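Shown next as structure tokens: one chain only, the form predicted alone.
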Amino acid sequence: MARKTGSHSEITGPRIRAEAMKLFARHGFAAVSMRQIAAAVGLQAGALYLYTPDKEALLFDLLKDHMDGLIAAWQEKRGGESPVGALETFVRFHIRYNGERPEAVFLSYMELRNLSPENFAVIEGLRRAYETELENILKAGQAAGAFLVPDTKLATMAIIAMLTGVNTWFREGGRLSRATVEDIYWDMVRKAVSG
């Protein structure tokens, strides 16, 4: 379907995604209608379908964009460090990257249940790919004698849950700075895997 003359998809599309993310994070996916998203952007409800086939496709795009961005940013950040250095880099990266995107992280954990099995499988595959990055660091540390972890898969899930949990309580301007939180969490993770 063609857009109206004078419309700006490069502006409107991102605005739709940004407003949908805010509304989904604030009220929950099931409670938000396409009409509410359209009103937040200043469009007629029918105009949204020029940008997305349905609400679930919009949610899927938001979750996939977050995971694609997370993986791409990690690929740029990681280096040829020792396993200990790589783990510290991962811890600090995860806290910082996700801390700058609290709504996307919230959706990624709370709204997966609203995806079709096919879309869920795509997001789950991206999550596994990211988790494998951490597990590979732990395995390399095991092989080098730097880490003592009875089960690298379980340790991976525990570390990611712990790091992602920062988003539930951290607030800029609070008692601890983000850098201090990174230092403390790195110290806890380091001690948890030390050999």
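Numbers for residues come from their place in the sequence shown, where the first is 1. Given the structure is predicted, the values throughout are model-derived calculations rather than measurements.
Missing here is the form predicted in complex with a further copy of the same chain; even so, the following discussion is about that form.
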Open item on the list: Residue-level question: is Y97 within 4.5 Å of a further copy of the same chain in the model of the complex, judged on heavy atoms?
Closed with: no
Task: Any non-hydrogen atom of L126 within 4.5 angstroms of a further copy of the same chain in the model of the complex - done: no
- [ ] Using a 4.5 Å heavy atom cut-off, state whether A47 contacts a further copy of the same chain in the model of the complex.
- [x] no
Task: Any non-hydrogen atom of M67 within 4.5 angstroms of a further copy of the same chain in the model of the complex - done: no
TODO: Among 102 to 110, 72 to 80, 86 to 94, 115 to 123, mark the stretch whose residues have heavy atoms within 4.5 Å of a further copy of the same chain in the model of the complex.
DONE: 102 to 110
Open item on the list: Can you work out which of A140, A57, M157, A39 has a heavy atom no more than 4.5 Å from a further copy of the same chain in the model of the complex?
Closed with: M157
- [ ] Residue by residue through 15 to 46, tell me which have a non-hydrogen atom within 4.5 angstroms of a further copy of the same chain in the model of the complex.
- [x] F24, A25, R26, H27, G28, A30, A31
